[in-house]
Structures are given as structure tokens and as C-alpha cells.
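First, one chain by itself in C-alpha cells, the form predicted on its own.
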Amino acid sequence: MAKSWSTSVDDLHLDWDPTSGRAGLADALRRAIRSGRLPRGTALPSTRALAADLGIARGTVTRVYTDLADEGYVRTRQGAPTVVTAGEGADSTPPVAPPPVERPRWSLFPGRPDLSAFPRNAWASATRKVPARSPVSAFDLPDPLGVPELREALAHHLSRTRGVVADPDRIVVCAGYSHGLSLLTTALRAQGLPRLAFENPSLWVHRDIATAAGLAVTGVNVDDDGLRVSDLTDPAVVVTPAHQYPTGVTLAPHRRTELARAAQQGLLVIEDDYDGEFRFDRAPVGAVQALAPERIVYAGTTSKTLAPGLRLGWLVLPRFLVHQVRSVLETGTRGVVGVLEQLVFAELLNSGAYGRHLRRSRTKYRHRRDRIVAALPEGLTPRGISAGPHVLVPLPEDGPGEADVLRAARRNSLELLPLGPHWITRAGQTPLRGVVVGYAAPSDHAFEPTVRALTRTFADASERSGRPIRP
């Protein structure tokens, strides 16, 4: 039976059966070389040291090294270490590198903030302060719902800026919105919820999360006033009322009232407030959650404001869901957000650094939206309110299609997202065509060249498709 032997080469383990003798030891070293555990250039232990490690005769090791040298696996020289030379005559096939993937030079892909604007100094300052101020116990395994300091800071921030009815006991810190939605759908399916409605159109990734949890997914159409609440027939729905993704409309006041009334009568609402901080033409509309806090889940994230790589978001739950979500966390994904990251973000909230970052970003993104809209060719009119990090640009029926625009974008090394995949299509429907332009991602120095690439893309698509965009 093969055993794992530790040698003096960085504690290398050899799967070697002592009864297999010299031939077995040679095979074990060949496998170690072929697998990369002994890469080219590695000095093997001296014959004396390896023999001592393995408890065998030095002459056995000497003969094994000689055999490997003859086969091209190693190089031996008198007075020098035995060195691995895998590939110089060895019968191992070097791995084939995958062909490089050519990434577009410019990107207007939605859902990404300007990562170059991440508040590095504020984050670094908070990272220095938190360990100095925190007791040792703060770095133990946290409450599955999140560290108390962050939940308290979020309760104050959300109440003040978004009008959310929140107290720390109802807040769950999660690894971004997708993780939060996964927690919710898992908990709701366990309670017997059969179906979940989504706005049509909506982000297909989120619908896939609900499907993975075992829920049937249905679509409810969106018009210029937002979700058609009167069309709802399912027991729960996911909505983006402040700035519907991807159409960019906001839920009209009468629809907000209608949705809150339906929630009070038993409908469960999941409010995805993914970019509620970024309203440009007026003060942001408050969260719908405040109208029925015991039937509306409020969800937020730093993915659009700071960086998606932080994997940091939150849920404000109706009281009846807290225990169910806690149970899901305790059985599967406890501690998915690091304690230090939670405490640092709490410091940013409490110090006002996060608020200052939001104000700077709001000003920048407002100017960028204006610049994108001004650069659109005559015949293309954006849809939706002046808000958020993206704008929907519908394509005229007699102009180039989404595929035409995407081909033109590739020719101009521009990354764009079509509207098509967002639709929950039904037989006989002809959904609106368009592209979702995310203007937040480019850094400041790349933004103008990216706008020019967009202008060239529309001109290119118009010319090559044979269906020009007409004023």
C-alpha cells in the first residue's frame, strides 16, 4: 500500500510503497516531476539525506537518481546537487496554454462602478483605525447576520438616506445582492413558496438564482410607470422601483401605493435598491419598504457604489423572515463576509467618508450620463429618468438590430450589453430592442475615448446593416 513520505525538499510528500523498492521510488519521483510538485530547476535532496528520510540504503537512492538522469528527468554532477530537468527528454507533455482571450479596449457594460475612483485613502485609514479600536473578541466568528457595529451603522444610514424602516435586529449582512437573493429564495422555498415574479425585462442572472432555489419564475411587464402591479398573480415579486433595471423608469406614485397595498394584503415584495443613491434630476425617491416594512424586504449593495469585488450587501427583513434567513446562513454560508471588511465599512459609514464618496460619484455620473445622451445620433432617444449608472438606448424598428450593433461594437473594441437577454419572452411577443449603456465603469481618462467608440459603433452599425438610423 502506498504511503505518504515527507522529504527534505520543502516537505515534499511522495506516494511510495516501501515494498516496491527501487522501481517504486523511481516512479514516485517521476510522478512528482510530471505533476509539477518538483518543477524544473528544483534541487533534490542529496542521496544521503533522501535515504535517511525514507529509511533505505543510500545505494538505492543513488541508483534511482542515475536511472532518472538517463531518462532525462534530472541532471547529476559530481560535487553538485541533483537538479530536476523535466522537459529535457522527459516523457511528460507540457501543458498547452489556452489561446489568449482578446478583451475589448473600451467598456460600457452596465453594473460596474468606476473602480479607479474607489476611496482608497478612506478605506486604508479605516483599516488602520479598526484594529486599534476593536477588542480582541471582535475578530471571533461573528453573528451569522453580521457584526453588530455594521448593522447599527446601516440602520442609521438607510433610515436617514433612503427612508428605510430598519433596526439592527432585522438587518442581514450578505456577500452582495446575488448572495442575499439566494438566501431569500432558499428560505422562501423552504417555507413552501412556489413561484416568484420578476419585472419583465429584468436581469436574467437574478432569475437564475431563484430557479436554482427551486422556485418557478414568472414575468410581469413594465411600462413607463414601472411594474404593472395590477398584473401580479404570484405570492411574491422582485422589483427595482427607484430606477427599474434595465428600462430606467421609476415606479409611479400610484403604482407605489398599489404595490404597498398589495403587500399589506399578503404579497411579499423584494425591493432591490441597487442604485437608489444616484438620482440626478431631483432628490432620490424614498424606499417603498417604509410603506409596508413587515411585507417588504429591502436589499442594497456596495457593488455599484464602491466595488463589486468587496462582495458586501445587506437585507432589511420583515421580522417573520429573520429566523428563516438565519437558519439558512447557519447551515451553509456562515461568515461569508469577513469581519474586518464589515468593521471597515461601518467606519466609513459612521465617519461620513462613504457619504462623501457617494456625492462625488453622483456628480461624476450625472455629467457622464449627460455626455452619453448628447453623443447619441439623431434618431436614438434614451428611455427612463436621469439616474443611476446606466441608460437604456432603444433601437428603432427600421434601424439596425441588436446583433448589428454588437458586431459593430466588436469591430470598434467596445463592450456593450444588449437588451434582448433581459426579456422573459412569451409566444407571439416582439419585445423592445436596444442596448444598455453603462457609463460608470470607464476611468476618467478613458471615458471620452469610450464615448467616441460608442459613436463610431452606432455609425458603423447603421452603415453596414443597410438599415440606417434616421432622425
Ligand SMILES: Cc1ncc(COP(=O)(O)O)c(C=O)c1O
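Just count from 1 along the sequence shown to find any residue number. What you see is a predicted model, and the numbers here were worked out from it, not measured in a lab.
There is another form of this protein, the form predicted in complex with this ligand, and it is not shown here; the text below is about that form.
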Next on the checklist: Quick check on this chain: which one of L306, A166, L203, V147 has a heavy atom within 4.5 Å of this ligand in the model of the complex?
Outcome noted: L203
Next on the checklist: To verify the annotation, which of these, Y177, W123, Y365, F198, has a non-hydrogen atom within 4.5 Å of this ligand in the model of the complex?
Outcome noted: Y177
Next on the checklist: Against this ligand in the model of the complex, would D272 count as a contact residue? Criterion: heavy atoms within 4.5 Å.
Outcome noted: yes
Checklist entry - Wondering, does Y245 line up within 4.5 Å of this ligand in the model of the complex on heavy atoms? => result yes
Next on the checklist: Taking this ligand as it sits in the model of the complex, is H157 near enough to touch it, meaning that at least one heavy atom pair lies within 4.5 angstroms?
Outcome noted: no
Item to check | Close approach of R311 to this ligand in the model of the complex, 4.5 Å, heavy atom | outcome: yes
Checklist entry - Taking the partner as it appears in the model of the complex, which of 298-306, 213-221, 394-402, 148-156 has residues with heavy atoms within 4.5 Å of this ligand? => result 298-306
Checklist outcome for this item: Residues in 104-141 that come within 4.5 Å of this ligand in the model of the complex by at least one heavy atom, in order, are G111
